[in-house]
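Given as structure tokens, the chain that follows is alone and in the form predicted on its own.
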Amino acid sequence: MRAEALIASSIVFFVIAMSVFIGVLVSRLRVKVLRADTYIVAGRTLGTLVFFLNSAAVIYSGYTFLGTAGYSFKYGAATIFVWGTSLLGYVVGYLIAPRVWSLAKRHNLLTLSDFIMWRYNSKALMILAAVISVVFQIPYVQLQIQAVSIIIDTTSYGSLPSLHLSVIVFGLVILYVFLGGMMSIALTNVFLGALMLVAMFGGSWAIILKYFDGLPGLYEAVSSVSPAHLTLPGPDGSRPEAWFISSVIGTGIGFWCWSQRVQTLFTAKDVKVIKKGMVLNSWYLILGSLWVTHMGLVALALGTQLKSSDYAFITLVSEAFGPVMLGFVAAGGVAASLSTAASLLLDQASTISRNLIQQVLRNRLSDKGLINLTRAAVVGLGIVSTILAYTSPALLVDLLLMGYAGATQLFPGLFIGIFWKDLQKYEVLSGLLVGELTVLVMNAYWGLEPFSIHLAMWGLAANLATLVITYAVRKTLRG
């Protein structure tokens, strides 16, 4: 192995080792009495700092480090929709999440599907929500494995079997999730979330200042190479204003429809923590993720040769500052992937154990039995994700493209149902089925988004229309 590869990859593996050490240590020292709520939502005990860094680490994944830079390299200004998604999501969260938390606390709800069951008293609706949550999360778990693989490949300068090693790293994540559940995840994510922020802000600004002395210089350089990257509809004409607006709205209102994010909300100790967390997370975006999206523009302006667009950020760091800086920034990317993967695994496993299997057993499981079942599901899901990482990457990427659109269809049942007291299971179930069917059918026709309206909005429009019609029919029949 070259000296550069040894230096960079050693830093990355040290961060991985530290993450696993923290996760296992927490499971030994802090998780002395295992209850279902302790294992799944950390006993609803997280204060502002831990809640903030844990939620940030869950939200900003390996896609933030790799995908957003790659997206701006390909599509330019359209990438700003990522900023709008998060900021709108935090506004929605600030207004609605405290109410969701209060209801979850009062009724001992641990998952998004628990909430659906409590609100509508419908096992069919709960099971459908659970299946949607698990299925649309599968590609995100696999994405984290692929992100770590790209990072190991770059930091080792191609000298290590990156996919095999990323699977081993994923196995270590499974270990501390298995042992400590949410408490291990949350306290590990304090370390990982802080590291991510430093790597995103420091790495991005160091590159911008080195080559362009600031943003004006960067924009001028991009304008001279490809001015279409700085305006909509972008260099290939595929991202017009209608697409941008509908993408921001669709993904923004669906921001908290991902069940792992809802589960993260349940870990806060009170509503004040949630509100403070939303404000701090908006600053996390501004100081971190916002600057990573510029890295694709930097690569474009410099004419950097990339293996693929996803390599933009870490390739720039490597060429600009060498192996030490590469190691630290890449460690931030690994942190993003590990933290998100851990949360996804726990949420999927707890949804399967609590909302699918336990229902078959008619709630006859004790807390210990539910925890053991969740642990078994963590291992099982880890094995499935590993197999898919090797065998079906193309299938999973296709599924990922409609992930947000699919998850957003839970919005009426989850959030509108809080305030619309007369909304019942019939309306929500019919709307959800039609919304998901719309997403699946439209996605089957590659690129079929009429009038450049994002797929999530078409599905949500069909969902809400069906919901309203079903409600009107029910009221008419009972009137």
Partner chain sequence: MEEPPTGPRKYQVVIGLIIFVLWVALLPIVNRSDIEVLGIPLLWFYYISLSIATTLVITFMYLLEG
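Positions refer to the first chain, counted from 1. Predicted model only: the values in this text are computed from it and were never measured.
One more form of this protein exists, namely the form predicted in complex with its partner chain; it is left out here, but the text below deals with it.
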**Prompt:** Among V225, L361, L103, V384, which has at least one heavy atom within 4.5 Å of its partner chain in the predicted bound form?
**Reply:** L103
**Request:** Go through F212, F321, W83, F328 and name the one with a heavy atom inside 4.5 Å of its partner chain in the predicted bound form.
**Result:** W83
**Complete:** Among 304 to 312, 229 to 237, 159 to 167, 134 to 142, the stretch whose residues bring a heavy atom within 4.5 Å of its partner chain in the predicted bound form is 229 to 237
**Prompt:** Even though its partner chain is not shown here, does I357 get within 4.5 Å of it in the predicted bound form, heavy atoms only?
**Reply:** no
**Asked** Using heavy atoms and a 4.5 Å limit, would one call I418 a contact residue for its partner chain in the predicted bound form?
**Response** yes
**Asked** Do W283 and its partner chain share at least one heavy atom pair within 4.5 Å in the predicted bound form?
**Response** yes
**Message:** Y219 versus its partner chain, in the predicted bound form: is there a non-hydrogen atom within 4.5 Å?
**Reply:** yes
**Prompt:** Taking its partner chain in the predicted bound form, which residues along 69 to 104 bring a heavy atom to within 4.5 Å of it?
**Reply:** G76, A77, T79, I80, W83, G84, L87, L88, Y90, V91, V92, Y94, L95, P98, R99, S102, L103
